[in-house]
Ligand SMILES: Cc1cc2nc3c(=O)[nH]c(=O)nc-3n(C[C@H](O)[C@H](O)[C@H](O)COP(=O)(O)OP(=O)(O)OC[C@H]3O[C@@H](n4cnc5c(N)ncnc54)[C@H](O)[C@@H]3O)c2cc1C
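Below you will find one chain, with nothing else, as structure tokens; this is the form predicted alone, and questions on how it binds or moves follow later.
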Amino acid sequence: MVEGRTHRPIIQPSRCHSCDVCIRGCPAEFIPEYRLEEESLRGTLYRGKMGKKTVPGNVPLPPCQEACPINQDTRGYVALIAKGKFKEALELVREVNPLPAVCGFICHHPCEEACLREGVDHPIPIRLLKRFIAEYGRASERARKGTKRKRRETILVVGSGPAGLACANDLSLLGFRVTIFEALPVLGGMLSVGIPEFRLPREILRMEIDGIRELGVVMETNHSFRFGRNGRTLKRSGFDAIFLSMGAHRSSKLDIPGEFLHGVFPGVEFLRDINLGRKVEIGKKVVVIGGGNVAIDVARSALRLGSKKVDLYYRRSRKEMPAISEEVEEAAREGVNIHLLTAPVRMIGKRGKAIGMECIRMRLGEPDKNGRRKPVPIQGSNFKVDADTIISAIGQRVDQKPLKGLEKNPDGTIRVAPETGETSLKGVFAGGDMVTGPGWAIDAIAAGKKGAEAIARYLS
């Protein structure tokens, strides 16, 4: 029997007698009893959700854990929470997730979409449970300790976003000496300058970063890092390996007439200025273009800056909006007017100042290469809207200036080896948005963990 275990049990199939004693004795309830039930509702739901994912001879991961990019043991810490073991639940989360509180606030929770409970009533509120135990543990002493075994190799992490923080965390736990260079005046990358404080409180982010700093990670802000064309950056840097996690901090362009009129702002830069405390002046009538989280954050921020009317225009339907559904609902409740199947054609200006824009109605056509139905303009459906301020939030791209000498993909992202994440320069690895394009924080955390593992193998 497994007694007193709060982490994942080690299953030895050759010694297993299929007696199920471990099920009754494991506090984390790692092995689901209902997997063995053939006639019960929960057993049927489990097998139906798993579908063809089950590999003969192997114990499959639960759907919620399988859906998580870092394979967080969701059922384990939820079971511990149910038993009132909040500290143990947080320790279990932190075994693989260095930013549990951050994820508790902003994660898009794919685990909940895969939750089997949905077939009965509603999915388990996994993200909110993670947030609960993370906030519950704020006042208590952190139980994180670095490894006693120290290695001589030093590693540079460029960028302190979720990928960089996760990589630095894991490498430090492995005994490496890690330094983070952050070009911005604050730590956290897009977590600090791309997400409004009303969605991610700054004291929560600082708490998570301080926990990683306590492991011995050196963190320097206002410290930019550039690659030269000769490819000798690693040798000259004095580090044994480099992990790049500089994100995608540039807004994509609309490429329509009038885009550079006064009063037209790029969404990413707009949020950055607000989060850095810079003065941002906008009009009473604000138009936001886009359907992702940045667009929703921009619209809600505009309301908080005093705009009387905020309209958001998205070229696809509500179903295709990539923003987290809860955030879209919050924006609508706060007063953001959401207009679907609409795209801008040109900005309208007067004496160099934007006064509105011309739009066209859209319909959804055939799916594109990513499976999303492509928006098609409806000829003759043009109309105009008035606006004092127009903010474009249609996507993000990687800043190319610091990355000379590195091979890139056609879209400007960094080309890496799929298995290791190593770039075209030996000993230089990369991960996160600068490799995949803009994505979710939990995906960036997964990339950082993968980078740490690859660097450890490279230096070993």
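If you're wondering where the values come from, they're calculated on a predicted model, not measured in any experiment. Heads up: residue numbers just count along the shown sequence, starting at 1.
Keep in mind that the form predicted in complex with this ligand is missing from the display, and what follows is about it.
A residue is said to contact a partner when one of its heavy atoms sits within 4.5 Å of a partner heavy atom; G405 fails this definition for this ligand in the predicted complex, lying far away. Contact annotation for F265: none of its heavy atoms lies within 4.5 Å of this ligand in the predicted complex. In the predicted complex, this ligand stays beyond 4.5 Å of every heavy atom belonging to N382. When contacts are judged by a 4.5 Å heavy atom cut-off, T154 does not count as touching this ligand in the predicted complex.
Against this ligand in the predicted complex, the set L184, R199 and Q396 is in full contact: each member has a heavy atom within 4.5 Å.
The partner is not drawn, yet in the predicted complex one stretch among 156-164, 282-290, 342-350, 361-369 has residues with heavy atoms inside 4.5 Å of this ligand: 156-164. Put simply, of M190, M357, V310, A241 only one has a heavy atom within 4.5 Å of this ligand in the predicted complex, and it is M190.
Residue-level contacts in the predicted complex: of H223, R206, R138, K87, one residue has a heavy atom within 4.5 Å of this ligand, and it is H223. Shown without its partner, the chain has I324 as the single residue in segment 298-324 with a non-hydrogen atom within 4.5 angstroms of this ligand in the predicted complex.
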